[in-house]
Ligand SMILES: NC(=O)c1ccc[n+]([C@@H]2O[C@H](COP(=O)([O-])OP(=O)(O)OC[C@H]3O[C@@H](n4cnc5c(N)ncnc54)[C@H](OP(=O)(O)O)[C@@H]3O)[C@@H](O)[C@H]2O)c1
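A single chain, nothing else alongside it, follows as structure tokens in the form predicted alone.
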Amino acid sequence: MQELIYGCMGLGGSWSDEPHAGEHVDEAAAAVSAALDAGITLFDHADIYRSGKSEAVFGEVLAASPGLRDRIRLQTKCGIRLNERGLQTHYDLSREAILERVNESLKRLRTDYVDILLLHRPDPLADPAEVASAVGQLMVEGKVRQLGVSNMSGAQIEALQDRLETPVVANQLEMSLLKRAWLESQVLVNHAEHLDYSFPHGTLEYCTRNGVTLQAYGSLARGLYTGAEPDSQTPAEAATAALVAELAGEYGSSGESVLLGWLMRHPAGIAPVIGTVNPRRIRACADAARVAKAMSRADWYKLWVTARGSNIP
């Protein structure tokens, strides 16, 4: 079943190591309330978001709201390390790191378990057997209920799945009307323009064939088509924003729901991740599933062609 997911990366204040403030908890509470109003029950985190503060403020919201944890599902990610050992970024999916980072996330979130753990990015040094061992232990301990991945190709998921005793249930990728490599790569096979897109061919097909939910982060295109200043847009972006507004009027909905509905109209069963912290924009996403069902094939293609700034082959 398709659903909307609330992405919590914007919660918690700055990315510095400075502690969060009470106002950041209030902001998180308002965002969570708006998400619930929009029918959202799955909340997406990562251990690195805002240097751990996204999870921490969410944990405070949970602590202040008895019964809320039983009404929602939580997912978090591990595997990226920032500003450690003289490196700005490196990846670590070793057994020890997975266990350590998940336990730290649970402490910040003030919960005993997460519904889904996502492996944040492929780690070239990861031993699939080690990953499987860590995940298996976390599941036996009741700390993780399901496993997913992020930013992985179908082939990478398949190789990992060979060692796992639990199915990979989700793959989170950047997918939107702005970031269309996932779509362009599908239709530009046997076309010179195909070389302009690096999205691994076959990933959507692998996920749909194996019941791996595609979660789309960046789904609202960071507001580019629903509120950006016209003088900051390219001609294609300005034309797309105008078309989004026009279709919102025709469908009796919001521009946000049109953008999300465009993703959800695709038969791969895409679940958009909403990253805005603005309660009004969060609530404006509530109509996405209806818009997806109502959107005509012609309107879907109009949005795509307008956004790409040129016709398809």
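Since the structure is predicted, the reported quantities are computational estimates derived from the model, not experimental observations. Heads up: residue numbers just count along the shown sequence, starting at 1.
Only in words, not in the display: the form predicted together with this ligand, which the text now covers.
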| property | result |
| --- | --- |
| Contact residue in the predicted bound form, from A221, L243, A97, M139 (heavy atom within 4.5 Å of this ligand) | A221 |
| Contact residue in the predicted bound form, chosen from T213, T226, S105, T203 - any heavy atom within 4.5 Å of this ligand | T226 |
| Close approach of R180 to this ligand in the predicted bound form, 4.5 Å, heavy atom | no |
| Close approach of A288 to this ligand in the predicted bound form, 4.5 Å, heavy atom | no |
| Exercise: N151 in contact with this ligand in the predicted bound form, heavy atom 4.5 Å | yes |
| Partner proximity in the predicted bound form: L247 to this ligand, non-hydrogen atom cutoff 4.5 Å | no |
| Per-stretch contact check against this ligand in the predicted bound form, the hit in 247-255, 29-37, 55-63, 271-279 (non-hydrogen atom, 4.5 angstroms) | 271-279 |
| Residues in 106-121 with any heavy atom within 4.5 Å of this ligand in the predicted bound form | H120, R121 |
| Change in CA distance between I80 and Q88 in the predicted bound form, which is 3 Å or more, as closer or farther | closer |
